[in-house]
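Shown here is one chain on its own, the form predicted on its own, set out as structure tokens.
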């Protein structure tokens, strides 16, 4: 191991340590690490565009602008109220319908935005039903992570994998969509079995609950009817664009940026207002991380690790098992974004001896669903637990772990089995 390789590894491990310990903000850790590898010239300046994954960063930025403009119309509150009314006051139907809606919305928007928009309405409805809100909140969290697994744009690891491997929106939907669907219903079943005694509304209140929920008017949630219609039109157009981007020869990032531009132009929304709500810290975190991982590629460290792995893995089947389970348990305790950024060049390097196509799905499976394992496994988990805490609802790390780990193991096992049957065979 030469000096540059050693320095790159020390910086990488140091940044990872700060991200895990949360002693400093993860974006600051990534920016400091990226600055160091650039100052020392481990990554030459002219190679920065090679490692800086603009497809991922611009796709995220475009979708953030679309969501920031659309949310001003009241669109997401409208969806939540419509869902609640469909349940007609039945706790089990609320659990199932909100899980399905959360998963579908998370498949097209980022998970944190989804839970930020839906959690307040879910808390309001469970309060009206006079039931324990914890199973509903947990189901929402798990459904958001599962829904994000289904599409190219649903979860940052998928965006990164799609960009690195050149996988299309439809390939993600075809490979990960069925897995997400089966996993979603398995998750709702596990939540029901674990909390069925606490999800029953008091009999004497059932009619009152039903009348309260049915009295909600979804139209009251619409704050700007014109923007509401324009937001729906643009969102549908963007989703259609994602379906056909590979046939059109256009990158998903271009679709997202086009949607953002059209909505800003058409709605007349203030660009300053829409852009100031873009999660710049997340985008700089991605940028810094890509450069740090690039330093490991530049020094040859990734190639050496990949060669070691390939020497101990003798088939695609073994690689699918190792990558899916290693990714799941790792993502349960560390941020799945830096983990995915590290695994991508490893899998690319394994391509010299193995067919990497099923391995990308194994990585997506483990990185996205591993976040369900613990309370800190995904950003959506932290956000929902934080909102619940402010409302006086305590979800401890142990409470989450007991259900979350069971769901993580079950859903990853189902997904691994489907990938194995599809690409490895019996």
Partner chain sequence: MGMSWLHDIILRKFNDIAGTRYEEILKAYKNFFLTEEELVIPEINSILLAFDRFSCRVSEDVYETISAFENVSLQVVYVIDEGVLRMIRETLGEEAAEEFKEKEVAFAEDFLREVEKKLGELNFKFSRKIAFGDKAEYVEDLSEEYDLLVISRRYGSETTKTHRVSPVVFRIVQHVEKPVILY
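Owing to the predicted nature of the structure, the values given are computational and were not obtained by experimental measurement. Numbering follows the first chain given and starts at 1.
Below, we turn to the form predicted in complex with its partner chain, even though it does not appear here.
- Taken together, the three residues 50, 289 and 417 all stay farther than 4.5 Å from its partner chain in the predicted complex, as judged by their closest heavy atom.
- Taking the partner from the other structure, its partner chain in the predicted complex has no heavy atom within 4.5 Å of any heavy atom of residue 353.
- Its partner chain is not shown here, but in the predicted complex it comes within 4.5 Å of a heavy atom of residue 77.
- Though the partner is left out of this view, residue 309 does not reach within 4.5 Å of its partner chain in the predicted complex, counting heavy atoms only.
- In the predicted complex, its partner chain sits within 4.5 Å of a heavy atom belonging to residue 116.
- A heavy atom within 4.5 Å of its partner chain in the predicted complex is found for one listed residue only; from 28, 38, 54, 382, this is 382.
- Note on contacts: among 130, 220, 198, 207, the single residue with a heavy atom within 4.5 Å of its partner chain in the predicted complex is 220.
- Considering its partner chain in the predicted complex, the lone stretch of 176-184, 116-124, 141-149, 155-163 in range is 116-124 [heavy atom distance within 4.5 Å].
- Contacts between stretch 377-397 and its partner chain, counted in the predicted complex as any heavy atom lying within 4.5 Å, involve 379, 382, 383, 385, 386, 387, 389, 390, 391, 394, 395, 396, 397, listed in sequence order.
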